[in-house]
Each structure stands twice: as structure tokens, then as C-alpha cells.
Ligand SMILES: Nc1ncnc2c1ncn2[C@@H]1O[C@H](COP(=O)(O)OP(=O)(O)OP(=O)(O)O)[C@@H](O)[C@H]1O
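Taking the form predicted alone, here's one chain by itself in C-alpha cells.
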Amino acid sequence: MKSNTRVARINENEELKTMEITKEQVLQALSQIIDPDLHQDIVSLGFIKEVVICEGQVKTTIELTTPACPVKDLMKNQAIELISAIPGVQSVNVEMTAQVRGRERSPEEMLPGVKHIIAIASGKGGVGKSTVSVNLAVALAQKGAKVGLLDADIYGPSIPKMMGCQGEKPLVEAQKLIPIRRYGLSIMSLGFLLEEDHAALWRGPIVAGTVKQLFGDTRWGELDYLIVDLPPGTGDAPMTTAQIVPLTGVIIVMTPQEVAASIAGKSAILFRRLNAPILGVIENMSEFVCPCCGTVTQIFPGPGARVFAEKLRTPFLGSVPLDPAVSRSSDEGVPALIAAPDSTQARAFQEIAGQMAAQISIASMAGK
């Protein structure tokens, strides 16, 4: 009896091995995976770049629109489960890759090699916009994206100090500035070009011209994302940025107070008038968690950025709690993601970077 059972199992295994698995079966299985942001199946979106079948072994490559995709692991697990359910499949290998998609640009355009330009803006100063810019740029680079960081705050360029490259001077080749490299980023700032402790006492036309030069006279090369840290408010630098370069969109940074929301709303109105989409809102310094007892304290009263985002009808990308260590690390020239990668703040920046990348992908696909 045992002998007959063993023979039956051997025959069943032989049938499975010889059962033909087709590429169409694999694609049909994978078409059940829906991208939660683009609301289409990954086959229709063109994410499947390779399907190799050999004696019950199936290998496929899924190419996402950003290496910072927040659901990358979920998609991979779904793909393995769905392919494994196909009769005859013995093993599954799913490789996840990413290719950031951007609109086609002519060589004559400013920044032809940059796929996405994202401005980080705020209505008022003191909301931690530069800290957010630095850490979002680092988070994207850590995921494998090619990222640039432009400090467009003409009056108070802080990026060189926050990135630990204060006092460095960019090289000039063929009349182009070569960005300073730190933490996987290409960085440019007026702070590299001014004498230390000197202020830029400039008016409108000079400000606009300087911003244009920082964009156009820098050899950015091929970038997936260029993060632009704007000065607060609705002055010449934000307006010039929106007018001279093709912005993918704008991120608004604010603190929870109602006055911050009111002023941030003016920035949103400005960018929308200039046809620059608002990709989302980030709440910084949302709360303080006591490291000793774990008590959560709301530092700033107010409705918060989530309510503001709902009024704007734009995504709320997330909130970053207040942590004195973040300020200390910035003063020491080390971004929070580098100084304390396992901290609550670092995890918040990583999650927000993923959400931001998702919104950029949505904007890119919508513009096709």
C-alpha cells in the first residue's frame, strides 16, 4: 500500500514538472496586483520587465516608478504568492527594481537631465523647512535614487552648515559649478559662494537672477529628484523658481498652529496661480515625546496640517515629532537620518519620503 502511495506521489511530481507554464499565465496572475496610488494593475502599467520560465522555475522583474515606493515589499510578497499558485510552479524569484519616470525634456531646456524638481516651501520661517528638505533628500538617496539638493534661500542659506560642508567652495569646469557631494547628494547653495558670515543684501531683480544662476549654472547631470529648499514666504525666490523651471510640484511645510496654516495657505495660493501643483503637506514639530516617561505633549496648539491639507484638497504626507536631537545633529552638520537612523524622527522622514515619491509618480503618470 505504501509502495503504491509513493508511486502516485512520484507520478504527480513528474506531471507537475512537465506541466507547461506560460508567460501569459504569469502575467494574468500578476495583473491581480493593483498599484494603490496609480489605481491600475502593474501589468497594464508596464511594470513587468522580464518573465523567465525554466522547468517549473519562474523569475520575473518588476520595475517600479521610484526606489522609494512605500509598498515595494507588499507587491513583492503578492507577486510571489500569486505566481506560486500557478499549477506546475516549483520556485519563484521576484526581483524588484525601479526607474524614476519623468517627462521628456529637450536639450535646450534648463536642467534637461533632471526628471523631477520638487520645491519645499513654507508660509513663514521657523517651521523647520530646511531640516525637512535635507532629510527628505537623504532618505531618497538612501533608497537608491539620484538626488540633488539646491539651497535657494538667498537671504539665509543654511544647507551648507546642516550638511557639514560649510566653507567648501565648488569647482568650476567649462563655466559650470560642480556641486558639492555629501551623503550621496549633489548640493549647491549661495552659501558656498559668499564669504562666511556675509549677508546677501539684494533686491528683487538680483534675487531672481541669482536663483536662475544657481539652477542653470550648476552641472547637475542626471538626477531623479532635485529638492529645492525655498526661502519662506511668497517673495521673489519662490516666484522665480516656479516661473523658470518645470516644477513637478511643491511640498508645503508647516507647524500645527492656526496662524501657520493661515500663512501657509498664502504660499499654496501663490504656487497654484503659477500652475505649480501642490503635492502634499508635511507637519513638522507636531508633538514632543518625553524620552524619560513617554508622555506626549502638543507643543503648538491648533488644528494641525491634516486639517489644512483637507482644506487644500491635497495629500497629508505625514508629521515629524519635535526632538532636540534633530536640531543638535543639524547644527553639527549631520542630518537626523544619518545621526540617528533608528529614531522616531528618522522613521517619520523615511515614511514621508516614500509618500512624497508616490505623489511624484502619480503626477508623472497623470502628465503622460
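Counting begins at 1, following the sequence as shown. Source: prediction; values computed, not measured.
From this point on, the text means the form predicted in complex with this ligand, which you will not see here.
- Of the residues given (189, 130, 267, 241), 130 alone sits with a heavy atom within 4.5 Å of this ligand in the model of the complex.
- 285 is the sole member of 118, 180, 285, 276 with a non-hydrogen atom within 4.5 Å of this ligand in the model of the complex.
- Relative to this ligand in the model of the complex, residues 140, 144 and 248 are all farther than 4.5 Å at every heavy atom.
- The stretch from 36 to 44, 22 to 30, 55 to 63, 315 to 323 that comes within 4.5 Å of this ligand in the model of the complex, counting heavy atoms only, is 315 to 323.
- For the chain shown alone, residue 327 is a contact residue for this ligand in the model of the complex, at least one non-hydrogen atom being within 4.5 angstroms.
- Taking the partner from elsewhere, residue 126 is found to have a heavy atom lying within 4.5 Å of this ligand in the model of the complex.
- For residue 224, no non-hydrogen atom is located within 4.5 Å of this ligand in the model of the complex, even though that partner is not displayed.
- Looking at residue 79, you'd find every heavy atom of it more than 4.5 angstroms from this ligand in the model of the complex.
- Applying a 4.5 Å heavy atom cutoff to this ligand in the model of the complex picks out no residue from 50 to 66.
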